[in-house]
Structure formats: structure tokens, C-alpha cells
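Have a look below at one chain only, the form predicted on its own, in C-alpha cells format.
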Amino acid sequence: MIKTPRVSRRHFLAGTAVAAGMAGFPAILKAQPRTIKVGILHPVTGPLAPSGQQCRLGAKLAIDTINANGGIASMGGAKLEPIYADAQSKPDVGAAEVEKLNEAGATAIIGPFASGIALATTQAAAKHGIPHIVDVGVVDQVVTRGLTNTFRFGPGLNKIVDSAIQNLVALNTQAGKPAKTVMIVHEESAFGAGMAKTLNEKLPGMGFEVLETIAHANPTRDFNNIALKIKGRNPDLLIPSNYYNEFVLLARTLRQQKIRPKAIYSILGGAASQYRFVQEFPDAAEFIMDCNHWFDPRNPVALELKKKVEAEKAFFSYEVFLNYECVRLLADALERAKSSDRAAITHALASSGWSNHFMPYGPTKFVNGQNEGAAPVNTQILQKDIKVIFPKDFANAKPVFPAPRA
């Protein structure tokens, strides 16, 4: 929560006196670079807290780095001042936090991780003309409502699903088409439900039969019944789309019940591209594939940041590096806008062609707020590490498919 400090009459008079005293030293005042307030809005409590805290870490690291390197040069070295807000894993709370950020003078907002929260916060920010950079929320409606304040740095759901299906077809074809049947297990909010709907529309036309689609609540603490259904239908492929805790629990339950499809091929898997999952449950994680946000594994800046994050005993997750890059995207816009005016920042973002990032993207190009240069990659957990297997331009390993049964 953002707390607005009370100002007593004594403090007000004292402040007035100080201001009057300093009026004789305008040169000193002029020499002090202003700060630029940036709203960092994520769900750092509630069911999505683990991801929200990772998001906040990424944003903080970027702000610290930018400030340590001299701030925004075109604005006299102005430093970024984060204002942290908590959506509490609830869309209505996220929208209320936007109102507080507006009152606090935020020039821009970065966040809020979940699609359902992003739909609420971008709408609320639009009322005040606050530029809102969406970090992760992938539902396409986030950028299809004509909100000129909204910019999504990463790829949207349709692009991710299209890439995932294209890569799945290539993978299956290369292996002699051993996979013909699919089961989908997804969380029930806008993210998972939208994913399942799209997969059911597209997979049959690509040669796959969807045997069953199962939705589950957030949170879900027992996947035994769902695992039994999977065991009974015996699909070649299992496609899960859930948040971190549910993904881990599902994978562990499958392992315990010795359910081994030819591949667990997740799309935006909550844990499938997470070093924490690999480290804590290596047996359950091995061979799982994912189509998700990822960094360019050959980029030295990304690798250096990974070392820095791990040195702080944290995991280098997509929440961290996407937020890190979203702050840098904002800093680039501020440099070109040469102003903390919200309209000027919005204009700078809309015309952005930023390429000094470490993502497997081209230069940023926003069309209706969506970065057309963004793209997902396919990863696979191999020998307790996460490797890129598609596309070839960024791959650092070859896929293992079908997964060994032993």
C-alpha cells in the first residue's frame, strides 16, 4: 500500500522557512536533478505473490543500475524513484492502487504480471493518461481496447500460441509424428481459459486430437483426481497452462503416479521455465518443454545479470528479466522525451525503436500498444538446466523428444 505522510502545521512552517532560506541560492536548487516517480505495481501478496515479488526485484535492479549510471542524462541526471504498489492478486485492488499512484505523481506504471489485473490497471491508468508498460500479462484484450496509454513489451497470447503450435508440429514431424493425442490442463482465469480456447480451436487443424480439457481453480492444492483422469485417457502430449504453484504440484503428482506422456509440452508454463522448479524438483522437471518468455542465452549482458540475481540468492526468472527490461524501455523513452510529462512519455513509447535489450526480439515497434518485435522461444529442461531449443537462431541445445520412459 502507498502511504501518504501527514504534514503537520509545524512541519509545513519549517518547510516554508527552509524554502525561503534557499530562495537566495537558486543555483544550488537548479543543480539538483529532479527525481522521476515510477509506479511499480505487482501482486506481492496473495496467491500470485511469488511471481509479483520476482517482478519487483527485476524492476528494482534496473532502477538501481540506471541511477548508479547517472540517471536520465537528457534530464540532467534525474534519478528514477520507485513507488511500490501491491495489487494483492486482485484486479480491483490493482485498479485502486493506480488511483493512489496517480495521486502520488507517478509518471508511468510498470506491471502488473497477471492478465486479469492488467485489464483493470491499464483501464484505470487510461483515465489519468498515465503510460502503462505491461510486463507479462499476455491476454490479447490488454492491447486491443484502444487504450493509447498501454504498451506491452513481451509477446501476446495469440503470437505465443501460434509459435508454440508451429514448433510442436516441427518437433513432432522431425521425430516421425509419434504424438497424435493431447490433453489440456489449465487454470480458470482469463490467462488459462483463453489459452485452452485457442488450443481447442487450432490443434485439430494441425493433426492433433484434443482428448479432454480440464480447468482448475486458483489455488488448487490437490491434483490427484486430475492426474487419474490423465492416466485414464493416456494422451501422447500433456499441455499445462497454470501459475507456478499449481504447475509444480501437477508435475510432482504426475511423477508420483508414474504418468509419463511422450512430452509435457507447456505453453506459458508457470514453472516450466523456472530455475527454482529445476533446483527444487529436478526429477519432476526433467524433459519438460515450454514456450515462454526467455532471454537470449548468448547475450553477455543477460548472463551478467543472471549472475547478479543469483548472487542475491534469487532465481533469474522471466518475471525478473522482463521487468528489468521494461524499466530500461521506459528509461529510453524518458531520454528521448526529455520530460516527465505523461503525454511526452506516451509519445516516445509509441515511436520506440529500442534495440539495446537482451531479449530474443528485434527492435521495439508498437502497433496499438503491442511490441511487434517481441517473440517467445521454446525451452526444455535438460540435465538440471533450462535450454533454448527453438528457434535455431537462439538455440543452445537440441530437443529430446519423445521423452525417455525410464
Partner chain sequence: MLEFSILLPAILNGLTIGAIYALIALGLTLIYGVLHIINFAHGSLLMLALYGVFFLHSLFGIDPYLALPVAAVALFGIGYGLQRFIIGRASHGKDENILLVTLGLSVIIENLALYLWRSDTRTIETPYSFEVLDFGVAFIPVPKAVAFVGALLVAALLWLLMTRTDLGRAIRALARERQGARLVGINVEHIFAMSFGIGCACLGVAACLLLPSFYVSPQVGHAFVLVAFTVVVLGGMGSFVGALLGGLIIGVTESLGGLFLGESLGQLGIFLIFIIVLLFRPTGLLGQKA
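Numbering follows the first chain given and starts at 1. All of these numbers come straight from a predicted model, not from anything done at the bench.
Unshown form predicted in complex with the partner chain; subsequent notes refer to it.
Under a 4.5 angstroms non-hydrogen atom cutoff, the partner chain in the predicted complex has residue 244 among its neighbouring residues. Taking non-hydrogen atoms only, residue 281 approaches the partner chain to within 4.5 angstroms in the predicted complex. Heavy atoms of residue 49 reach within 4.5 Å of the partner chain in the predicted complex, making it an interface residue. For residue 221, a non-hydrogen atom is located within 4.5 Å of the partner chain in the predicted complex, even though that partner is not displayed. Between the partner chain and the residues 308, 229, 128, 100, the one pair within 4.5 Å by heavy atoms in the predicted complex involves 229. Residue 255 is the only one of 180, 145, 255, 197 with a heavy atom lying within 4.5 Å of the partner chain in the predicted complex. No residue in the set 120, 132 and 141 has a non-hydrogen atom no more than 4.5 Å from the partner chain in the predicted complex. Residues of just one listed stretch (71-79, 213-221, 324-332, 267-275) have heavy atoms within 4.5 Å of the partner chain in the predicted complex: 213-221.
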